[in-house]
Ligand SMILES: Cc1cc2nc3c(=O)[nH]c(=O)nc-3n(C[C@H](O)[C@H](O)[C@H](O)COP(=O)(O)O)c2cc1C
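There is one chain below, alone, in structure tokens, taken in the form predicted alone.
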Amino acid sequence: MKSFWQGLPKPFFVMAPMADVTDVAFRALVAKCGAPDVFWTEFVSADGLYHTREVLKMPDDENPLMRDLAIGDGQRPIVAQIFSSKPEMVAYATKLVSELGFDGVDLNMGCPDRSIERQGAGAAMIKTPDVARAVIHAAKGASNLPVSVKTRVGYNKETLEEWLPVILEEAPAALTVHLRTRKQLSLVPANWEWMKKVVEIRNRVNPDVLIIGNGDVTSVEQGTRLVAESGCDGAMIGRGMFGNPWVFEGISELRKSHADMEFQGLRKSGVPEGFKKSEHGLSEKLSALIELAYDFEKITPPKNFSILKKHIKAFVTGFSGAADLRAKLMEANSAAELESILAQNT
């Protein structure tokens, strides 16, 4: 069965899965401001889903893990990211997200969080290729959803020649490669030169797998250039979304500029002449922050309002008086308080 991945125009741009960021409220704001080609959820523990639903018998409307698998209006296609080192748990979660109506499932094999690695999941899977194979196989056998994988170039050092074929031979629909090692975390710039090697390995091992580059992409304009130079199929934007829910709005301008061009032509030309990106002023940014806060409060079961502080830091920056205003906004405990503080101080 043909998946949505096969119908994406190239280059395509996707939302990175980010814990306590890409929840249903933030995705709603991004969808309104300019949707990516593919939405992603926060990552969710497959083991946790099984334990809370099948062992504890927790009702779905009270289950924080099920909350993280909510799908909002206008958020399509959407991929649910899960993690586990247990094939049976991955199969359970994949079947569940299929029943919930997701368009795809993504396996996290790159997260450097120690608590996840202690479970043998995330970036720890780079060190256990046989487990990685089993997990991909389990996901593919559990439903008709297309299975994708997100990983890094290696654990302590770049090991693409050893690691990537393990994944590619299992034929995922797409493979996202964060262009840093696990050891590097996000402490050094992403090395997009490695993407050329990733593409060469893909072309040799399994040319049908789409390759997505991840790391330090902050705009569609920049992503277009990086895709063109490296030969991959698309770019994932993560931290570039912070304070800028409009980051994907340039996609339509890009497509319009290249309506009569083949992708090979884009690879040669990069960003089209006349490509424009909109500027969004302080008033618009603060209005977006208020809208996000009110939508955040509607999430069920509720999240701690303090999670929004990272968004406050991102939206309220780069202008005279930003530090003082941020400090006041950090004291807010509700969307109404946030809105009131902004009304009194701007």
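Computed from a prediction, not measured in an experiment: that's the story for all the values here. Position 1 is the first residue in the sequence shown; the rest follow in order.
Omitted here: the form predicted in complex with this ligand. The next part is about that form.
Using a 4.5 Å heavy atom cut-off, state whether Thr181 contacts this ligand in the predicted bound form.
Output for Thr181 is no: heavy atoms all beyond 4.5 Å of this ligand.
Taking heavy atoms only, is Gly238 within 4.5 angstroms of this ligand in the predicted bound form?
Yes, contact at 4.5 Å.
Determine whether any heavy atom of Gly223 comes within 4.5 Å of a heavy atom of this ligand in the predicted bound form, and answer yes or no.
Looking in the predicted bound form, residue contacts with this ligand do not include Gly223, since no heavy atom lies within 4.5 Å.
Should Leu329 be classed as touching this ligand in the predicted bound form when contacts are defined as heavy atoms within 4.5 Å?
Because no heavy atom of Leu329 falls inside 4.5 Å of this ligand in the predicted bound form, the answer is no.
Answer with one of Ser85, Asn108, Gln75, Asn244: the residue that has a non-hydrogen atom within 4.5 Å of this ligand in the predicted bound form.
The residue in contact is Asn108.
Have a look at 86-94, 132-140, 201-209, 214-222 and name the one stretch with heavy atoms inside 4.5 Å of this ligand in the predicted bound form.
Of the stretches listed, the one contacting the partner is 214-222.
Decide if the three candidate residues Arg27, Ala31 and Ala293 all line this ligand in the predicted bound form, where lining means a heavy atom within 4.5 Å.
Zero of three within 4.5 Å in the predicted bound form.
Are there residues in 4-33 with a heavy atom within 4.5 Å of this ligand in the predicted bound form, and which are they, in order?
Ala16, Pro17, Met18, Ala19, Val21, in sequence order.
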